[in-house]
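Given next, in structure tokens, is a single chain: the form predicted on its own.
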Amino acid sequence: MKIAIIGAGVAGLTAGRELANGGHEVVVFEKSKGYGGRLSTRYAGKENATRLDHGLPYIELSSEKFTPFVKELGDRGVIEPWVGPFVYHNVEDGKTKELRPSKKRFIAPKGMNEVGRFLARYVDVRTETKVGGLTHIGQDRTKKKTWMLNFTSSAVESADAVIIATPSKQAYAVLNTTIDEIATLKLVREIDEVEYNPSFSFMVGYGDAGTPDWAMLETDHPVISSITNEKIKRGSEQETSFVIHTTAEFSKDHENEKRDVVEEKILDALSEVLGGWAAVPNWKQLHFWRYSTVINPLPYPFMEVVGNDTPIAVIGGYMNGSSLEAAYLSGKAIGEYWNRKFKD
């Protein structure tokens, strides 16, 4: 059967890989230029030679269920253990001390987007293709497939089944187009309750300036939650550069602020943490993650509509957690389940 997946983040790509391995025709539609979701790497600085992971700075291993995938990525050379050093900065006394994470961390030396590229090899991914809504053809159809995907470009494409693998707010918008046709109201009501904390990712470069000896700094600063030392990640060939992730409170308060004002506030905070030299970078870039961290995840690996001729499901990193691992396990769960369900 032909299965359409909306969203090329880790959940969508994982589901696609499982279903493709199960013999299904899988097409993944992604509204942006790339894939991998928050596993994003940006190229900046002189001749765009500086690589910065401005989404998730690392992959964290929490459970045995996630271990085989982490091992697979490691065996293929996509990721490697991140040994640090990691430190914690206390604003009140200005002191920095060693931080020992309770869970194993991994990074992708060539950029976190390599994880998305690895998963995308198994499916047909169509980027810059935004799905605006769905039309249910119904069980009285003759030779037509169950679903019609309606793109914002006015194009359409049919599929036997649909998986929505986007942040809950975007999934809500797509599902809302089907309420009058099939029983998606329960799904819509539940995912509408999911809330997120936003975050700014601020990327800065300092050329050949000296760099701290830590790989990542976490802090209780009211503006900055963490700073990733991208030079330590990449090695001597990369200039001194950092990715600063802001706190949820600062991000919510300044979501609608002019970007140059936000940048100056973050630079002021950065100089308080690292010193005055950090206030004047050679270059800077700002990115806003509206759906950075899930506050209240749903207690299921996935949700689906059960009925005649209406295969549609919702998956994502807001299912059973708020992490990359949750996204992967959600995608794998629906893939394995649908392979069993539709094996004939």
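Note that residue numbering begins at 1 and tracks the sequence as displayed. All values reported here derive from a predicted model rather than from experimental measurement.
Omitted here: the form predicted together with a small molecule. The next part is about that form.
Asks: Taking the small molecule in the model of the complex as the reference, which of A159, V78, V131, A120 has a non-hydrogen atom within 4.5 Å?
Replies: Partner contact (heavy atom, 4.5 Å) among the options: V131.
Asks: From the candidate stretches 80-88, 262-270, 93-101, 122-130, select the single one in contact with the small molecule in the model of the complex, where contact means a heavy atom within 4.5 Å.
Replies: After filtering at 4.5 Å, what remains is 122-130.
Asks: Under a 4.5 Å heavy atom criterion, is N320 part of the interface with the small molecule in the model of the complex?
Replies: Looking in the model of the complex, residue contacts with the small molecule do not include N320, since no heavy atom lies within 4.5 Å.
Asks: Considering non-hydrogen atoms and a 4.5 Å limit, does the small molecule approach S201 in the model of the complex?
Replies: Yes.
Asks: Is there a non-hydrogen atom of A11 within 4.5 angstroms of a non-hydrogen atom of the small molecule in the model of the complex?
Replies: Heavy-atom contact with the small molecule at 4.5 Å: present for A11.
Asks: Quick check on A165: any heavy atom within 4.5 Å of the small molecule in the model of the complex?
Replies: The answer is yes: A165 has a heavy atom within 4.5 Å of the small molecule.
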